[in-house]
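A lone chain, given as structure tokens: the form predicted alone.
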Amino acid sequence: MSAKGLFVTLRQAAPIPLDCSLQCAPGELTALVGPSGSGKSTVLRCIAGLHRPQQGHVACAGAAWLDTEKDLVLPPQQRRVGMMFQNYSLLPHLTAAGNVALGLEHLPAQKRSEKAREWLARVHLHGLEQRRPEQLSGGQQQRVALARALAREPQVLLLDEPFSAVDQVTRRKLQQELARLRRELEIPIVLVTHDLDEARILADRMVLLHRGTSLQSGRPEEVMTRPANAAIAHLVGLNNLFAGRIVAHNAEGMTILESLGLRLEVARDHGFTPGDKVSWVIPPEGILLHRRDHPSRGETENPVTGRVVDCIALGPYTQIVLRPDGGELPLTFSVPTHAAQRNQIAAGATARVTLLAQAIHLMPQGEPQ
């Protein structure tokens, strides 16, 4: 990673325990995710200089902002940070342009008004410069707050659940806006969110926090489909978590897993040896429903037959809970609603699925679901 990126290591015992580290390169977006109270916002406050941890190091753009071993603590005003809060924190008595101008104190007074208009135009608020916050929609207020954060010409942008206060349609538009802007901003961006789907859509890297500890970091797809252990699988909402035993490695380079009364092929052995007890997980997208009227060769891969114990239509997708024959723990997955209807999927019906060998992920033995 470039030395111009953001490097953070934080440790403290109280008031909120922290044992966290993260890195974010210029132009990258790192998402901090985890349940409420896991310390996500505290990490942002430490980066911004609004909270001093007992031990830690924060460096950005090649300069140290915090080094507790050397008793170095730069105050917030000396850290070039753009920060956007969940409630936007706009001053109600100032116009949109006036709020953005608060981030332009590094410029001469006569240049601030023109520059504020430029930033508002950049976030598509041209013509709304003189409106006060109560005259703006939630999405427009969010854009003003973003323009104010960027007007400081920050070396890092910190976003604390910025989309949680707007409706779903506006949220999607603002996510697209952030995705567009990040291509233009060659600075690290750290996003705090409780929405795993949002992190998966926007982030280059995800850091999963729990009780102040960073449990796993990596590409969102990796963290959410190949968790390091069963506890992390629970935290990222993977329901298909089971116990099993490694039986063998075959000549085709596949690992044979015994579980749910089945023998399954797994594409990767992760260093496990025959006889090892393991936990394993498969994301919903790794479960494929067989068509009743048109079987294919691919359906010979880890076929599982079972009874549908629950079937819930959720708009364009239908969630299916399938209990494999001879097994006690169910599989949960979704299919397009039209596919469920075409295949006559309903509670009590028999169905057949494939468990993709590439999607099955093995972990050290832990508590199964």
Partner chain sequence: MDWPALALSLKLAVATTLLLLPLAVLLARPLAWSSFIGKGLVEALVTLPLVLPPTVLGFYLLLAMGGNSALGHAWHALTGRALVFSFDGLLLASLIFNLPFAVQPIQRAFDAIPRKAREAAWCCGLSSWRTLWQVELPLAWPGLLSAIVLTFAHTLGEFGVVLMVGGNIEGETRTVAISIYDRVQSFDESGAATMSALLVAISFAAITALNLLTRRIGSTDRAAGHER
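Positions refer to the first chain, counted from 1. No experiment lies behind these values; they were computed from the predicted model shown.
The same protein also has a form predicted in complex with the partner chain, omitted here; what follows describes it.
- In the model of the complex, no residue of the candidate spot (Gly286, Val335 and His361) has a heavy atom lying within 4.5 Å of the partner chain.
- Using a 4.5 angstroms threshold between heavy atoms, Pro76 counts as touching the partner chain in the model of the complex.
- Met83 belongs to the set of residues with a heavy atom inside 4.5 Å of the partner chain in the model of the complex.
- When contacts are judged by a 4.5 Å heavy atom cut-off, Glu134 counts as touching the partner chain in the model of the complex.
- Put simply, His93 is close to the partner chain in the model of the complex: some heavy atom of it is within 4.5 Å.
- Only one of Leu50, Val309, Ala339, Ala313 lies close to the partner chain in the model of the complex, with a heavy atom inside 4.5 Å, and it is Leu50.
- Interface residue among Glu105, Asp197, Asp167, Glu186 relative to the partner chain in the model of the complex, by the heavy atom within 4.5 Å criterion: Glu105.
- Only one segment in the set 226-234, 173-181, 83-91, 202-210 has residues whose heavy atoms sit within 4.5 Å of the partner chain in the model of the complex; it is 83-91.
- For the partner-free chain shown, nothing in 208-227 comes within 4.5 angstroms of the partner chain in the model of the complex, judged by any non-hydrogen atom.
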